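Taking the form predicted on its own, here's one chain by itself in structure tokens.
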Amino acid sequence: MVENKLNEPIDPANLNLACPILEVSIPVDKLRDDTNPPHLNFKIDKRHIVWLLGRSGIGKTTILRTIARLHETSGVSMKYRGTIYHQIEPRRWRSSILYVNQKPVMFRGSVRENIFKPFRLRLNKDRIPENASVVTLLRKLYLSDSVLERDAMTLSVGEAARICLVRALLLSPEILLLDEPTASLDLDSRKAVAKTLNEWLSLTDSGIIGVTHDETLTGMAPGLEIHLGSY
């Protein structure tokens, strides 16, 4: 058995697969009234979805970024496969618990280069997707194969959002953190996103934590709904 010390990086191979993928306890004092608990607590395991709902500005994105370890919040307790988050290097954490920003992040170059860019990192070199897998996902999200050769800077916001989702799904995280994934999409594209997420979950042992105001998404991809400010 490997003995882990606080702040000492561990190999994901040493994680306890019998535990939930992720256990979260985050202080949300600013959200609560006298009848609500001071912490947001939940667990998520394979093929589960948790939707964080609530009015704009209440802190949903901050919670997602905290889970992704992109935002420091005191009093946080998180475990990945039974191991406290301080014992896992941030880069390893973020490769397994992947955050997709509401504002699409695109780099200069072609769409193809944008999709494959993360696979140039050492952590991802052993899971480079086949082109057929990329094309399949594009088509599911109503994007043509020809988009791969386009300059990424010429994409619409909705196109860029779907490209970012394709890139994230190809990285096969254990937890996908989605911040308003359908905010800039029309109804047909929103339905396509919901269907694609359901299919992805059915084929993997992954989970999703998302922020959304889209009832189409929560209706077609149902999960535990946490209403911030009234939970």
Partner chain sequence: MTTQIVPISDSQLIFTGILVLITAGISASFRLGLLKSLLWGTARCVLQLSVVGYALAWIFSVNRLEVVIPVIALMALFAANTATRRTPNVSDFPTLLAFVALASTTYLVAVIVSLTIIRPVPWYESRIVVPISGMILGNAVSGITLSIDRLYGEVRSHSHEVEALLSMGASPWESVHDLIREALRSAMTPMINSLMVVGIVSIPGMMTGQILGGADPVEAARYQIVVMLMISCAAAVGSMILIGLSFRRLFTKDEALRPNLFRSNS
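This one's a predicted model, so the numbers in the text were calculated from it and none came from an experiment. Residue numbers count along the first chain shown, from 1.
There is another form of the same protein, the form predicted in complex with the partner chain; it is not shown, and what comes next is about it.
Proximity of Arg139 to the partner chain in the model of the complex falls outside the 4.5 Å heavy atom cutoff.
In the model of the complex, the partner chain sits beyond 4.5 Å of every heavy atom of Lys60.
Residue contact with the partner chain in the model of the complex: Gly82 places no heavy atom within 4.5 Å of it. Within this chain, Pro118 lines the site of the partner chain in the model of the complex, having a heavy atom no more than 4.5 Å away. Proximity to the partner chain in the model of the complex holds for all of Arg91, Met106 and Leu171, with the criterion being a heavy atom within 4.5 Å. The partner is absent here, but in the model of the complex a heavy atom of Arg69, alone among Arg47, Arg69, Lys191, Lys43, sits within 4.5 Å of the partner chain. This chain is drawn without the partner chain; in the model of the complex, the residue among Ala152, Leu143, Leu98, Val76 with a heavy atom within 4.5 Å of it is Leu98.
Shown alone, this chain has one stretch from 181 to 189, 199 to 207, 61 to 69, 47 to 55 that lies within 4.5 Å of the partner chain in the model of the complex by heavy atoms: 61 to 69.
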